[in-house]
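This document starts with one chain, in the form predicted on its own, laid out as structure tokens.
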């Protein structure tokens, strides 16, 4: 039952990354890291999870802002989604990310929500969020993947025990842009490709990213590789604002005239991680970007899919979104 009440916890508000990492190491599993708090406070106020301490990262100025770096850009993890949507450099070079950020929830949430929080948020499966003892919560079954399960929003690819999907809109754009995630810990910094940052239940059913306890996502780096390419982002949801995607597509095309020289197509809400449609990408190289090409290759997108009782609609929807991305609708 949803309580809508915030439990008691100790609040820590470090103003440097070093202080935050020290707190995270000292508090261990008792320290809940918070950026904008849009996901975390849902967990806490509903009392599905509890913590004795919250580490509020919002006061760390070094984790905010967009910086030009090595011909690409670096975005601080605490940069808000509204700032990303409105940033002139991102809009001119990597409009795919600006478009994705602009489709997250509502303006009020984008004003508070951060890029790091959007990337690291937990899945929204209602069985899991409601406190059901499912596989992801440490139990021994997936309630969504049953004949009676309510699985309209769940995965059609690569499910392993858990069929919940990643809810992040910006994740799909960043995978398409070959971004890199900068993760800091007390022992130093490591950089992980966006495609390897997200993990499915076959790797770790209790986590959705490679971030280890005590580590903090500090920045996202986007290389110049896709700067100025042709982009397409589209998200289908039950409502224009607030709702998470039923299916989305983030696509990038490097062109020579009308010919596609390279492509990235990543779909959201179809798998536990951002889902690269590599069969379609390969088929597009050397092809003309038009409706005929789109119709020819879109069906490759759903090869290997396994629809559940209530989400068969995702297969034609995914194919049609990819057609629209290739056509440039």
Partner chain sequence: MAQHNDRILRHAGIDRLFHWLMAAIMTVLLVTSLLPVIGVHFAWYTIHWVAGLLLTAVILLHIVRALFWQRPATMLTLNGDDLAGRRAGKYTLPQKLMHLAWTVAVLVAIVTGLLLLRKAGVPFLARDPYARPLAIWGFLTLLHDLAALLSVFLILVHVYFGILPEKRAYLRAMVRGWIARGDLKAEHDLERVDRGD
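Numbering follows the first chain given and starts at 1. Everything quoted here is computed from the prediction, not taken from an experiment.
There is also a form predicted in complex with the partner chain; it is not shown, and the following applies to it.
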* Structure fact -> Only hit among 143, 226, 244, 157 for heavy atom within 4.5 Å of the partner chain in the predicted bound form is 143
* Structure fact -> Note: exactly one of 138, 188, 257, 147 sits with a heavy atom within 4.5 Å of the partner chain in the predicted bound form, namely 147
* Look up in the predicted bound form whether residue 162 has a non-hydrogen atom within 4.5 angstroms of the partner chain, and give yes or no. => yes
* To do: Answer with yes or no whether residue 203 is in contact with the partner chain in the predicted bound form, where contact means some heavy atom within 4.5 Å.
  => yes
* **residue 207 within 4.5 Å of the partner chain in the predicted bound form, heavy atoms** => yes
* Structure fact -> Within 4.5 Å of the partner chain in the predicted bound form, heavy atom basis, the matching stretch of 175 to 183, 69 to 77, 95 to 103, 147 to 155 is 147 to 155
